[in-house]
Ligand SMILES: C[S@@+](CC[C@H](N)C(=O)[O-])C[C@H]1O[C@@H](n2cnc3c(N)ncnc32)[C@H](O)[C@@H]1O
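The chain below stands alone and is given as structure tokens, in the form predicted on its own.
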């Protein structure tokens, strides 16, 4: 049992790393919100986002972020994963990325005003990726297809969630701990779908440094950014491939994870991808999805879910928030174990029967 001194030391170390980080991205998020508000006040051709459903106050959002941090710390104290290291880079790097983030905001606002979300769909790119993928999701510059986009992505997401994105990602680790505990991690295998810049794989390797892991993404620039971010770790393979046709054998993975991807897939593609996840999972294997909460999960957040795709280009989000994932999993032979809310995200856990 941990001594009181040990618990105090753990909590002090957690606060010393996580609270300044939250403050850093929270400050940028508030500044971004004010810039967007000023731009709208100058005149906007687009209707203002509207909803009749409840919308949480900023105070409520901050309270729920605090609850998420409390759960994150509890997981560390329970030994489910080690004290997290977010590996955001040096302070100079964070300043540089923050400056680039704010310099890019006028271009995002221009796309939001014009509704332009097809800049990525060039003749050069046509046919090289699925059409649904070649969009400026979030109205962000470069979509998923440029080095600049890959470098900005983590700052964009952390700022959007006021510094809580990595904390939400880590809530996928406890369901993995349940099936990995007491087993030789060197003999296990994990596949992370839509690995992006490698942030979740970094969390995984901190918990299980000798676990063989594969990251799969459809963007070369994001995979290259992940390669740089994960260079400190061994035992990670990265590949550019489509979740609709995973280039791995049947029943080859002990665990499959997928973080912040499914709300950006068309309904038909969700079903194809989920069937592929089930195919590559071993009997007794576990699938963990982390994505947005859905309508009704937290009723006083329903208005926020409706406003989100009005402010950001998210063409498949409204279908996502009403999707029945338990039924989708069952159709693929996966048993739905549970859902757990983590601020504005939820962790969905599925098992493949032995």
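Numbering follows the first chain given and starts at 1. Treat the numbers as computed from the prediction; the structure is a model and nothing was measured.
The same protein also has a form predicted together with this ligand, omitted here; what follows describes it.
For a residue to qualify, one of its non-hydrogen atoms must sit within 4.5 Å of this ligand in the predicted bound form; none of 176, 325 and 336 qualifies. Though this ligand is absent from this view, in the predicted bound form it lies within 4.5 Å of a heavy atom of just one residue from 225, 202, 264, 72, which is 264. Residue-level contacts in the predicted bound form: of 102, 233, 132, 180, one residue has a heavy atom within 4.5 Å of this ligand, and it is 132.
Figure note: of the listed segments 120 to 128, 94 to 102, 77 to 85, 213 to 221, the one touching this ligand in the predicted bound form, with heavy atoms no more than 4.5 Å away, is 213 to 221.
Though the partner is left out of this view, residue 256 does not reach within 4.5 Å of this ligand in the predicted bound form, counting heavy atoms only. Using a 4.5 angstroms limit between non-hydrogen atoms, residue 241 touches this ligand in the predicted bound form. Although the partner is absent here, residue 112 is not a contact residue: none of its heavy atoms lies within 4.5 angstroms of this ligand in the predicted bound form.
Although the partner is absent here, residue 208 lies well away from this ligand in the predicted bound form, with no heavy atom inside 4.5 Å.
Applying a 4.5 Å heavy atom cutoff to this ligand in the predicted bound form picks out 194, 195, 196 from 178 to 206, in order along the sequence.
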